[in-house]
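One chain comes next, on its own, written out as structure tokens in the form predicted alone.
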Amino acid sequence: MASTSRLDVLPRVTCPNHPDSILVEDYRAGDMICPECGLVVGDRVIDVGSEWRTFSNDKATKDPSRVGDTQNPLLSDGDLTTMIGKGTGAASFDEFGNSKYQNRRTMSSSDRAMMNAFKEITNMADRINLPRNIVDRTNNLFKQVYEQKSLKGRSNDAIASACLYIACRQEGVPRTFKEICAVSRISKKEIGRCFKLILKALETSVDLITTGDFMSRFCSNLGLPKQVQMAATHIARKAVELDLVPGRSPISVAAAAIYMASQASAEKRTQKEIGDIAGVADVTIRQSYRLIYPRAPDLFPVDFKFDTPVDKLPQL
């Protein structure tokens, strides 16, 4: 018999002899088969996904799908609802012209609030091209916070934005507060407050962000070559090791390192161009740059090919 282990919300069916193997699903027979030993660990499996076929040639007023949406395990009833289509014959209406069969709202208010939050999370993630695993982690975080009722008085949109920020940090693809703020309707200050409250309520933590977390993305958006990116990464890491930028945020240090590396190469970028991508002000880049400029010869990698010598770099 198959064993089940609890993974977040969904029970996971596993082979008793090979629990780590990924099961193969036979959609025609409805079986879950272990690829290692061929054991059928689950039979008559019901497909809870949306219907694969729709009828797009029908009129726009007619619902083309014959089944509901995909099952959502984060909701209390799995979001299993029945919708009654609008009747067309005389038997569908009473003597006053009212429909005899009407849909009743079976979704609870809490499920409705979570559904709206999940849609907002998906929209925000789509705007900054985040993968599905981050959306799923964000939804789980939001559900935990919502059910604990530990952030009463805070808007669901603010909680959802903070959960998205935490999920990005936990999945190793951090985004800045300004990037999250740009795709939400919440202020940076409010997202920061909810971020701290959620960490305290869930008793969880996130890894500290470093300059390397943003370097590849910033350089890619600026269209800089690999050599400049590697030089900027080396400059930022050495600056932190030599304690040249105490108290400075990793984002501002990364921006200053990119500016220094680009000015030493043929692919030069202005402070404004870098600031627009990194989300920091020009003056912030200048302040961090002034801190690392005196030690510039010690910061560049030994194999870096200079287009502009170190002694000719801008003195801001």
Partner chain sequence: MDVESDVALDILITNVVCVFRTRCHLNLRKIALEGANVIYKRDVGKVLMKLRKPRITATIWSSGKVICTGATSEEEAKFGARRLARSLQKLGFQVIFTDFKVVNVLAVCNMPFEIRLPEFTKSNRPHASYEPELHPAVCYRIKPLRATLQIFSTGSITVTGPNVKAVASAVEQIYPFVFQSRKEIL
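Please read all numbers here as calculations on a predicted model, not as lab measurements. Positions refer to the first chain, counted from 1.
Unshown form predicted together with the partner chain; subsequent notes refer to it.
Listed stretches are 129 to 137, 153 to 161, 198 to 206, 116 to 124; the contact stretch with the partner chain in the predicted complex is 198 to 206, by a heavy atom cutoff of 4.5 Å. When contacts are judged by a 4.5 Å heavy atom cut-off, F177 counts as touching the partner chain in the predicted complex. By the criterion of a heavy atom within 4.5 Å, G247 is counted among the residues contacting the partner chain in the predicted complex.
In the predicted complex, the partner chain lies farther than 4.5 Å from every heavy atom of F142. Interface membership of I251, defined by any non-hydrogen atom within 4.5 Å of the partner chain in the predicted complex, is confirmed. The putative spot formed by Y165, K188 and D243 is fully lined by the partner chain in the predicted complex; each residue has a non-hydrogen atom within 4.5 angstroms of it.
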